[in-house]
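As a starting point, one isolated chain is supplied in structure tokens, in the form predicted on its own.
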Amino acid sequence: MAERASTNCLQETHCYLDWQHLSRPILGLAPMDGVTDSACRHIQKKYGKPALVYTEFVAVERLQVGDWALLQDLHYDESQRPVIAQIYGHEPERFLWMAVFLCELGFDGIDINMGCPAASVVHRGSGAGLIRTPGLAQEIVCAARRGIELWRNGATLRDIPGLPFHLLAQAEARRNTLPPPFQARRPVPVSVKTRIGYERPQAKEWISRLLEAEPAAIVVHGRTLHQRYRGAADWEEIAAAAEAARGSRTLILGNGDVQSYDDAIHRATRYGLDGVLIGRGANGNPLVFRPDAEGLLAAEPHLLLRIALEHAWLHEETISKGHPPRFMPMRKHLGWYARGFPGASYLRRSLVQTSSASEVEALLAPYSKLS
């Protein structure tokens, strides 16, 4: 009863993520490893306005081994809210303490990756490997929820066993910069992102097991682990997941091969979903979330190139920080932005060789309306 009263109180302030009250269909930016870093999320949120964004996935083991890069990988700015931290692993106890850590950092939600097909992840029983161990998957969801409850009852960073001092100090400093509403011990929902099966499509059986753990939402990518990213996403299986969840309080969102706003709305309606996450379709095109994308591009044909330049400067300021080797991850984004106009292939070949935002600016200077 105490938790229910606290939830009702906080609903009035609108300072926490309540999946049930998001406008439907929910359109969000899918987490993509090596792609959706903080600079990317900022640009996507500014120009596309997706309802949700997620961090790249982070291993729960990194917390207690003291990974120096952990706080950098979990960086976000206030413009990105609601922002969800995505984590992965296979040991429930680590999820419990990572949940406390993420709550202290002010995240709006925690998402558990049960869909990554990478061999290095799956062979340890993490990511999509959890599809083969539904009991363990349930334990992990419950452990994350217990961690959130511990935090809501007063647990702090100093209660995390074995947390190295440098991470403790950095995390406490970051917590102290949060706006007061996001320092409050508010509800933080747990969600899951997964696939339709391991070797074969089995969405109904697998999602039914996940529903027993009562996550706030489940995002279903329409491919099996064995497919990785090959072939077409099976939206009929995603629909089967939605049917399995009918009558529960868990929302079902689909993911896979969505290329436009209209496509996302159509799939959400046709397959009975609460929303859709767009992944690769948003690469180099944050306007994919907007119904007025065509009009914006008609008014400013090189709008995406202007956004690309802003993205390059932001990446340099927040991620590469003047180090040319750290600018390299930006190159793929630049390649995605340069498409759909005469000379795009030539420009793309030049952009993917740049080492700084100033080089990008020089290449884009000839294009109109880049002020």
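A residue's number is simply how far along the shown sequence it sits, counting from 1. Remember, predicted model here, so these are calculated numbers, not experimental data.
Absent from the display: the form predicted together with a small molecule. The rest refers to it.
- Contact between D37 and the small molecule in the predicted bound form is not found at the 4.5 Å heavy atom cutoff.
- Among heavy atoms of P31, some come within 4.5 Å of the small molecule in the predicted bound form.
- At a distance threshold of 4.5 angstroms between non-hydrogen atoms, F57 is in contact with the small molecule in the predicted bound form.
- A residue is said to contact a partner when one of its heavy atoms sits within 4.5 Å of a partner heavy atom; A128 fails this definition for the small molecule in the predicted bound form, lying far away.
- Only one listed stretch (134-142, 286-294, 256-264, 71-79) carries heavy atoms within 4.5 Å of the small molecule in the predicted bound form, and that stretch is 256-264.
- The single contact residue among K204, R280, R175, R249, judged by any heavy atom lying within 4.5 Å of the small molecule in the predicted bound form, is R280.
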